[in-house]
Ligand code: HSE
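Take a look at this single chain in structure tokens; it is the form predicted on its own.
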Amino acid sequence: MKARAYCSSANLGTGFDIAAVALDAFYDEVEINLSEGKGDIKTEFSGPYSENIPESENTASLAAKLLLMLSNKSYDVEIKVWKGIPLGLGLGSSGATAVAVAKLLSKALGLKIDEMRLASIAGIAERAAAGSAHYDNVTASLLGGLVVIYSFEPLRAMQFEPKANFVLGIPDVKTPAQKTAIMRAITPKNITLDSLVQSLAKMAAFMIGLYSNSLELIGMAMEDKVVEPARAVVIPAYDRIKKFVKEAGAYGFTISGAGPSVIALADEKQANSVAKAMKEAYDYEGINAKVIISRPAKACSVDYSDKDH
């Protein structure tokens, strides 16, 4: 059996740490072999984005360790990960790996675990890559579509399937090993009451937009005034891309996760012009970048497919 989990874009502007969308642009696939043993875990990575992943301390091995502890069973676990999601670019790469491992291993062990419990395990496994637990990316990759977390203890989320296109801009730049921790360090820790009220209004618009499938409202809510301004200064070509895509008709624009990738919201008719504008902005700034039109992806799935990637 194989499990496939798609990439994701977290925060989506005003939904910092609570909102994310799974996207069909990239995916990881995982295979697992179990054998009688003492709980040894071995991970093997292949695929286009498999370099520089530690063999012992990674989200795949930590997710497997957590599930073995939960099952109270003694097996050696061999995990083969095909990495199809670029690392360190704000696309939920490590989270997707954790999700695929958690989904597949729970099935192999015969565990009756609901989706939110699996998301919690995958979110805790994110400590191996991000230094702390994160639940937005993993919940989106697990459930598919766009998710909004409304409770952390216990973890609970609503899932939506907006009829929208998301244009990803992925610059060809090197990122530091602890990029997520660095980006969180520059995030404001205290805000004014006025900023809080504005953020609440944006989040209200976001939820209304999701329930009514109003891309205009969702896009307006992506205009964050708290976290985004602090992070935008280190995102390549941020201001120019924002200007160009908005002029091309994008409903919203923001940083994808902790960056450096960015994401714009568009409808079917606007997607090509928004993608073209985004590429022109990168070219204007002399930055080599990949621009991809994507749609909300389906949930993490387990099947018996032997098809090549």
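Small disclaimer: the values here were computed from a predicted structure and weren't measured. One-based numbering along the sequence shown.
One more form of this protein, predicted together with the named molecule, exists but is not displayed; see below.
- The partner is absent here; in the predicted bound form, the one residue of 117, 184, 80, 202 having a heavy atom within 4.5 Å of the named molecule is 184.
- Under a 4.5 angstroms non-hydrogen atom cutoff, the named molecule in the predicted bound form has residue 10 among its neighbouring residues.
- Of the heavy atoms in residue 139, none are within 4.5 Å of the named molecule in the predicted bound form.
- Contact between residue 180 and the named molecule in the predicted bound form is found at the 4.5 Å heavy atom cutoff.
- Of the heavy atoms in residue 257, some are within 4.5 Å of the named molecule in the predicted bound form.
- Annotation for 12 to 37: interface residues with the named molecule in the predicted bound form are 16, 17 [heavy atom within 4.5 Å].
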